[in-house]
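Only one chain is shown below, in structure tokens, and it's the form predicted alone.
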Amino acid sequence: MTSESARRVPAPDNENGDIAALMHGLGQGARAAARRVGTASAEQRNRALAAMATSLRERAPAILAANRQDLADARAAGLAPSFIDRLALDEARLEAIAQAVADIAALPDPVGKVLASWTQPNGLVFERVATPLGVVAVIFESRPNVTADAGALCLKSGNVAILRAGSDSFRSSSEIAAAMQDGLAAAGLPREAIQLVPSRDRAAVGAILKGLDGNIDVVVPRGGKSLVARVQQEARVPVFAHLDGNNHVYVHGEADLAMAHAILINAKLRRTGVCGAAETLLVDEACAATHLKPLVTALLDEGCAVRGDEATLAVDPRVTTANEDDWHTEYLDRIIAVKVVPGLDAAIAHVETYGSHHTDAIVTANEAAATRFLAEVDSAIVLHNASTQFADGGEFGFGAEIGIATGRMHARGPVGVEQLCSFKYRVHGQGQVRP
């Protein structure tokens, strides 16, 4: 793809001719840009990020107009309110996106950081040094902010990004990508360092998963189970897997009720459509007599449907029966499953059986119980006395995130600039030869 073609914002239904040729060009452009971005100075990359934030603010009217079109189509299609919430932009959300890009510029530069160093008896000095991954492909669905977050994080870590937006956010994402490219150009970096696939054709995803002729180094899927499953099954390149967020809040027998109430309402209802939203409440039978009814009533009074076990059904007639599927479900809506468990062991077993290894929390004043929960629950993020909605790269101090990885590779939890780096070894000698 030429710089001039990358400058144009694609029309919503423009498939740009043959998809194979289009994707091949994107891959070649990305690989060429990676060589320049990977050796660019931290100062130049930071200037580009600052220019991107400015461009996002300047292009706000066009971005919001595009988003209104995307929202109109989504509503006409009858999509769920939680989906609409993830898709929607307004002036405040767009300003937050621009500020996140600016904040990423202020993060310490990860590229070239010496991770470890040592000297061998023969005098050779070894250094393990952080290096960019190269070309990162991000396949996402309804969240247009991913365009800015992923592009900015990739640039900060010396990588380039190929972004494939879902058809529902195509217009919004295209406008945001154009703003990001303007920032690159202003700093003298190639526009191909952040490319949004200018097509809604689903064949583009297949081309990315095949690696674009060796031009993609890692794929990050951000979306529902079907998208992640397809990426994991078909990808011929490494994947940072982001599974669904079937997250739990466990109210231990020694939990403070007021604290449990505040954490639960925030974890479930602050934003129901985010991956850090709580989907199951577990209440210890040791405190069920005092805690279960107030917590369930609070949820119901806030307009949250409750699906519960036998003990939960008994506390309020508005509760409906939970079935086996409910314990597995990421609702992303004003619905929660509630169960009374006979202690810490049962709570951990439930989370490990039904959870998605994303984010799980315990509320308790008992430090020993908290220590066990944090150690034994095998999730990317585990919290003690805090809302699951802190599962966010910005809240971790990463500036933003490209996704939350739930696998066990080097990138786990929020994937920020450090997780977007690999490493190489630098070895310094004084003429040594191996005997």
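What you see is a predicted model, and the numbers here were worked out from it, not measured in a lab. One rule holds for the numbers: they count along the sequence shown, beginning at 1.
Form predicted in complex with another copy of the chain: not shown, discussed below.
- Partner contact region in the model of the complex: 379 to 387, out of 22 to 30, 61 to 69, 48 to 56, 379 to 387, criterion any non-hydrogen atom within 4.5 Å of another copy of the chain.
- In the model of the complex, no heavy atom of residue 254 sits within 4.5 Å of another copy of the chain.
- In the model of the complex, another copy of the chain lies within 4.5 Å of some heavy atom of residue 126.
- When another copy of the chain is considered in the model of the complex, residue 410 lines it closely, a heavy atom lying within 4.5 Å.
- At the 4.5 Å threshold, heavy atoms of residue 321 stay clear of another copy of the chain in the model of the complex, well away from it.
- Proximity to another copy of the chain in the model of the complex, taken as a non-hydrogen atom within 4.5 angstroms, holds for one residue of 348, 189, 89, 105, which is 348.
- The single contact residue among 297, 167, 99, 131, judged by any heavy atom lying within 4.5 Å of another copy of the chain in the model of the complex, is 131.
- Taken together, the three residues 44, 109 and 208 lack any non-hydrogen atom within 4.5 angstroms of another copy of the chain in the model of the complex.
- Applying a 4.5 Å heavy atom cutoff to another copy of the chain in the model of the complex picks out 233, 234, 235, 236 from 219 to 236, in order along the sequence.
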